[in-house]
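Let's start with one chain on its own, the form predicted alone, as structure tokens.
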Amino acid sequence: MDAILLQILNGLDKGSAYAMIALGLTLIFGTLGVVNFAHGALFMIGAFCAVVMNRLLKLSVETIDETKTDFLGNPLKVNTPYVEAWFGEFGTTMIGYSVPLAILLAIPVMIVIGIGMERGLIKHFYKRPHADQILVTFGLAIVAQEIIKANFGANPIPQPTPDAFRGALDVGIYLGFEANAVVYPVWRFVYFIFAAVLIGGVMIFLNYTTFGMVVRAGMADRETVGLLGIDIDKRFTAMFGLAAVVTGLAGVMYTPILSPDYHLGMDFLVLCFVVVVVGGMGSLPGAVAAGFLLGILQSFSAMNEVKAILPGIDQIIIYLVAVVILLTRPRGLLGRKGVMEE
């Protein structure tokens, strides 16, 4: 039981990332009908917002430290980050919390990038075949990847876990297991809670606000909503920006778990498209449910006991599940009739 619980927990943090990225993908497809292969790049850009914030907080000024001297007894010059020079210990704490603080940077950056991407390029491909959309957005993803590589290098860049969330939590002891039977990193719990709040917020926004209800009506029947005098195009553009923010924030908070590098977006892109297809094209609840389901299945398949029986199963389990589900339910778990059906 402790091994099963541990694998479920492992699956939840993977599933959280899959669910948030897939939610953003589904928002874009459901509103605009665009198959966006640049969506993984948005996850990567969000992750590098955390890198940029960390570097900004570490910008330093050269000062003289009277408490340190060289072999001649002269005071040493040291580089002190501006935030430490200005705010003292609070500045040091800010550097340690650079990842959550990066949310403040990522939100405006992702809104600008998302809306700019939609207005500058993707709007010209709304009525083009999906193959054209895939080609142009995949090319955009490669461009973004190379820009990141040119500016940040090819190696992963580790990001700090905030001091208050370092270490591990003994989960098993709360459930009646022996001490240290199920120990899990605290930040992964934080990531899961963050994902649940963010996904819940998006669902509430879409279901219980006037803006969200108009968007959902436009997803169901765009022409009728337009005939009512509502500028649905502007609302759909805003939804593209929202999708970019959701995906970017998923990338920001994932950086202490997986150090970001230039191909991070591509690593998640294919998996999350599989998640979207399994959940059902255009289905927001389906994307979220499939994200957590496939994350947990992937975690169980990575167990040594399973790999001893089926070597390499952890690398293909998601695709096997996708094949089985699509053979039995061609529209996915919660897919809607008519979506991508000719």
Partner chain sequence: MTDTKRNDVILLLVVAFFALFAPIILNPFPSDGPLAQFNAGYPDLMQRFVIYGIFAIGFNILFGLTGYLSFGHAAFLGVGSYSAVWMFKLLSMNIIPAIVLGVLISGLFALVIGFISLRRSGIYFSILTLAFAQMSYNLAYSVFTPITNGETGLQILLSDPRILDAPTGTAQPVTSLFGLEMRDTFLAFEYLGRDFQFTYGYYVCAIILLISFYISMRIFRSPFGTMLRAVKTNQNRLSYTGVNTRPYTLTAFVISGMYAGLAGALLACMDPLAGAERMQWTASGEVVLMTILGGAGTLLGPVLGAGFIKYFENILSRINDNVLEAWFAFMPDGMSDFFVVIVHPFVGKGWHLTLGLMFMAVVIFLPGGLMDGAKRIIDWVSGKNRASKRGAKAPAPAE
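Remember, it's a predicted structure, so these values are computed and weren't measured experimentally. Positions refer to the first chain, counted from 1.
Separately, the form predicted together with the partner chain exists; it is not shown, and the next lines address it.
For a residue to qualify, one of its non-hydrogen atoms must sit within 4.5 Å of the partner chain in the predicted complex; none of 112, 123 and 259 qualifies. The partner chain is not shown here, and in the predicted complex it never comes within 4.5 Å of any heavy atom of residue 215. In the predicted complex, at least one heavy atom of residue 131 sits within 4.5 Å of a heavy atom of the partner chain. Put simply, residue 315 is close to the partner chain in the predicted complex: some heavy atom of it is within 4.5 Å. Heavy atoms of residue 138 reach within 4.5 Å of the partner chain in the predicted complex, making it an interface residue. For the options 249, 195, 269, 242, the residue carrying a heavy atom within 4.5 angstroms of the partner chain in the predicted complex is 269. Listed residues 51, 35, 44, 27 were compared with the partner chain in the predicted complex; 35 is the one with a heavy atom within 4.5 Å.
The stretch among 224-232, 147-155, 197-205, 76-84 whose residues place heavy atoms within 4.5 Å of the partner chain in the predicted complex is 147-155. Contact annotation for 295-326: residues with any non-hydrogen atom within 4.5 angstroms of the partner chain in the predicted complex are 311, 312, 315, 316, 319, 320, 323, 326, listed in sequence order.
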